[in-house]
Structures are given as structure tokens and as C-alpha cells.
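Shown below, as C-alpha cells, is a lone chain in the form predicted on its own; questions about how it binds or moves come after it.
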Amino acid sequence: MSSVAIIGAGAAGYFAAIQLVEQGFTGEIKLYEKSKALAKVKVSGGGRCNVTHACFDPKELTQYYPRGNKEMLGPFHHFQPGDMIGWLADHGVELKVEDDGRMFPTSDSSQTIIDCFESALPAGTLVSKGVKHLAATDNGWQLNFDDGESAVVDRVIVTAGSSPQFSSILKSMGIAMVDAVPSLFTFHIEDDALRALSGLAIEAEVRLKGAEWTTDGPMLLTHWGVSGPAVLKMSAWGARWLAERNYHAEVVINSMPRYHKESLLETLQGIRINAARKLVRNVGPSSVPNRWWQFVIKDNTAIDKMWADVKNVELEEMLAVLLELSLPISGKATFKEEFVTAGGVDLKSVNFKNMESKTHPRMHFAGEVLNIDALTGGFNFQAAWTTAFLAAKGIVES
């Protein structure tokens, strides 16, 4: 009888085990996990589980993946968000779409997804053991466990996530690895005046000085710096760039992203005319909160003047800080409990038709163990579902 061992019972590992069963694998399936199964599923989306995203065009979908975008185009033609939505519906779980495209169970509880997965996995499949060593045999793999026992299987699916311990095991076996660095984090900024704005949100366009990326969306001011979708997206695109600089860089914030320089200058000139007898600190562009306006012009000599007395050079300075306010980043902070890394198994060493290693036959990979990561919004889970589906399909067809 053939056998498969899955190492890691996170999103990808659990779904791979289910897919093996549902796609008709008749051999023995064991899913090994030394800690808590589906731990990230439990905390995702603040405990609501952001299962996937309402993006159904494979090419468009790949644009949300800073690493893995080229490699995932083919896989998304085989299993994409619409397929995951359908699979969950077939198993009694309905999803809802939020305004930004994120999808959650209608129950707003990650436990709904966990219960669904647990009910779909045959009893006895999940085993509470950690794998500490892997060795190739003539026709498969020998697994050595933390408790001193061992097992020999025909195929292995590695779904160990970003575990440093298992990354070291893979590297020692000669599997090409890209060192992991954090992705999806917030920017730490030491500025007392900024800290006083904690809780304020603005629409912004964000870039890193000296880098090529630009992201946009809501930006949240916190007691440690800046967060929100615009910043989290930038942290994903710039994950390796920022790591190389030890998270010391300058973030450039455009808090008037819908304006060009000329139209914003006209707006400020209009305020100077229409609010001539009002204090500059009390009246700014209507599209930004007044607290933010006071922050960005705090060093402008016109801040305590009447608008009628504002000089053109002071107007130009206002324009500059609204469109390009530069703040020094002095570190990072993990975004809630949803820790994501950039790094893992080098994608050039993987066959994306069946997720099998090109250098280590009968070993497949799925989920975050691969050097694939995405922006926040359900995309990381979708990569886990897709790669798990293909790994299971590849094994069944073999």
C-alpha cells in the first residue's frame, strides 16, 4: 500500500491531506504536527479567517504576490478563489465579500473553517509528532520523529511554513532555500508629534525613498508609527529591501493622492482667498483631517498666520509636505498575530505542475514553506490552498 506523509498541519498541510482523500488517494495518509494544528487559520482576520479574496482572474491575482507572481499564474488556472469558494460551499460553508474584496465565512468566525476542515479529514490522519530528520530511501523517504520513532513513506509533502528549524533541515539536505525575512509589518517611527495622532486614519500613497514601489490605501497612525493597508502592502513589496537596510529607511507619504501638483496648488490658493481671515492651523484642505494638516505644516512659518498673510513660498512648502512628507523609519513591528515571511524553498527548484522538487524526487511542497508571499487580504491563504491542491493532485495522478 502506498503512503504519504505531510509535515505541518497548517492551512496548506491540512488542505493537502483533505485533497488527497477527496481526489481518490487510497493509500495511507499521515499529517504530522508537533504543536497546534491550523494555528494561523484560528487568528487570521482578527479571528474571522480571511479565507481568500474575490479576485477571479489568474493574471490579475498574481499581481498581489511580490514573490511567486510568475510561478503562480499556471497554478491559479487550476485552482483559484472561485474554486475555494465552491469547495467550501460544497462542505456547508458560505462566504461573504467585504467592500475591499476580502472574503470571510458568514459566521465571522475562524472556527467555522476549522470545524469544516476537521470534519473533512478522516479520523487518525492527524498525528501529534514533530519530524526532526528526513532521509531519502530507494523508493521514498524515512522520517525520524522527535520521540525517537521513525516511519518510511513513498512520498512527502512539506508544509512546515516558515519554521526556522525545518528550513535548516531542508537546507542540510541540499534543497535550495532563500533565507526568510519578515513581510507584512508596520513601520516604527520615533516622533512624539506623530504619536499624538494615534488612531487617526488617512488615505495615502506611500513609497520608500530610493526604492521603486508605490502603494496606496488607508494609512493608520499608531503610537509606534504607521500601519494600515498602504503600509502593509509596502512592507511586503519592500520586505527584502528593508531587511538589507536593517529597517532603517525613509517613508515618503502623499496624503493628497487624488491631486496633481497643479490642482493642489489651486486648492491651496483657493483657501487663501476664501478663508482669508481664518488661521492657517484651523483650515486646511477638506480631504485631510485637521489633526493631520496641523502635523504636516507644524514647521511652516505660516502655521499661526491668517490665510490672507500666507506667502507664496509658504504655500509651496505646504504643497511639498502634503505630497511628499518624508519620515524616518527606525524599525518594524509585527502586524497582529499574522506573521508572514518572504523566503523559503527556491521556486526555481520546484515543478509547479505538481509542486514536486526538481532535485529531490517524491518530495512536494505547499504553502508558506515556499518562497511565495502576498499582500494582506486572503492572498497568502489562497496560495496555500492552490499549492496544496496541486501537490495532492500530482501525487494521485502519479
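Numbers for residues come from their place in the sequence shown, where the first is 1. Quantities reported herein were computed from a predicted structural model and do not represent experimental measurements.
The discussion below concerns the form predicted together with a small molecule, not included here.
The small molecule in the model of the complex is approached by residue 381, whose closest heavy atom lies within 4.5 angstroms of it.
Although the partner is absent here, residue 163 sits close enough that one of its heavy atoms falls within 4.5 Å of the small molecule in the model of the complex. Although the partner is absent here, residue 340 is a contact residue: one of its heavy atoms lies within 4.5 angstroms of the small molecule in the model of the complex. Remark: residue 131 counts among the residues lining the small molecule in the model of the complex, judged by a heavy atom distance of 4.5 Å or less. With the small molecule omitted here, the record of contacts in the model of the complex names 48 to 56 of 355 to 363, 325 to 333, 342 to 350, 48 to 56, defined by a heavy atom within 4.5 Å. Shown here without its partner, the chain carries 10, 32 and 44, all of which come within 4.5 Å of the small molecule in the model of the complex through at least one heavy atom.
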